[in-house]
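Given next, in structure tokens, is a single chain: the form predicted alone.
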Amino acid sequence: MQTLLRPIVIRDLQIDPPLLLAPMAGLTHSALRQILFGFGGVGLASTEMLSAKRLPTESPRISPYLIRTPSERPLSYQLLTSTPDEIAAAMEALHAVKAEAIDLNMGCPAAAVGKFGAGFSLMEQPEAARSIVAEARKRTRLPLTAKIRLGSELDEAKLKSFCTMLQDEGIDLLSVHARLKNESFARRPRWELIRSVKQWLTIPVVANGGIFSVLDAENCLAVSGADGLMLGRGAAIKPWLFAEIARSLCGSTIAAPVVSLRVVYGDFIDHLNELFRPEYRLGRLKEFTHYFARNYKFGHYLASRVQSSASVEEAGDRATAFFERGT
């Protein structure tokens, strides 16, 4: 089998296979990450986005954003900030929890994030972005990465300027979500523009967006020429997708995934109950179910029943009834 992707090495971190988990609010917490690592094929996992302002006061023992088990390694922590003033304390906190890498969020298009000048807003404020990256680089020797979108409009000169600035200021790897700011997930990702980014930079470039199968991964690589792939919603729908892609495109010798949807869902609930305080469980179960239910022809029944549940216990009972019907 031909190996299409080789390991990525940034500083002291080897990302092998070069398959990364995208940060996703309400999803990329310990419960999901444990399932992903259980199937294998994850080269670098991620936290949800972390507020740099709040991070120094969060407890790694009880914070749903920081809880982590020994199996979740290597793990990147994604910072959300709009000012370099928050970086020093945030970096100290991430060193304390033994982060393997740190990612800067410069791609989230949510209005609530943009209101504070964070996320994608930094792409429209390149000097603010520059100062944040420079401060972060000064404060850590860990691999420092960034995640961006293509811009608010198709402007290659502007995109090139921003990407090369990030590289010049010390970013070690760049992940690119191949859509514009206001383009929905329903829009075909513009993987071809990632090839341009790859040609501009000497650091590794990772493609993100629209990868839900091995075929999608093959097509994305063929079009983008990227050094690695970042999986988002596809990993929440099919947590074994990393393993499938790693075996097919990275020459991985991990075992072929054996999938029982009912077992995966039950394990997810068990992890929630073991790790998180009661008030943090139900919302995360509902968020996961929204995606995982797509594995079933009539999955909307499962999703709606869980969404209307008042507790994890009720949601679990309703899910069990759904599974027993063999829907």
Ligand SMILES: Cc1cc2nc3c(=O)[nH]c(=O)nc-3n(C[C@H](O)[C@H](O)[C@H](O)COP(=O)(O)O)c2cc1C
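Numbering starts at 1 and follows the sequence shown. All values reported here derive from a predicted model rather than from experimental measurement.
Although not depicted, the form predicted in complex with the named molecule is the subject of the following passage.
Using a 4.5 Å cut-off to the named molecule in the predicted bound form, not one of 289, 301 and 318 places a heavy atom inside that distance. Shown without its partner, this chain lists 36, 293, 66, 49 as candidates; in the predicted bound form, only 49 has a non-hydrogen atom within 4.5 angstroms of the named molecule. Shown alone here, residue 229 lies farther than 4.5 Å from the named molecule in the predicted bound form, counting heavy atoms only. The named molecule is not shown here, but in the predicted bound form it comes within 4.5 Å of a heavy atom of residue 208. Interface residue remark: residue 15 is not counted as part of the site for the named molecule in the predicted bound form, having no heavy atom within 4.5 Å. Contact check for residue 9: no non-hydrogen atom falls within 4.5 Å of the named molecule in the predicted bound form.
In plain terms, the part of the chain that comes close to the named molecule in the predicted bound form, with a heavy atom within 4.5 Å, is 231-239 out of 197-205, 165-173, 213-221, 231-239. Along 6-25, a non-hydrogen atom within 4.5 Å of the named molecule in the predicted bound form is carried by 22, 23, 24, 25, in order along the sequence.
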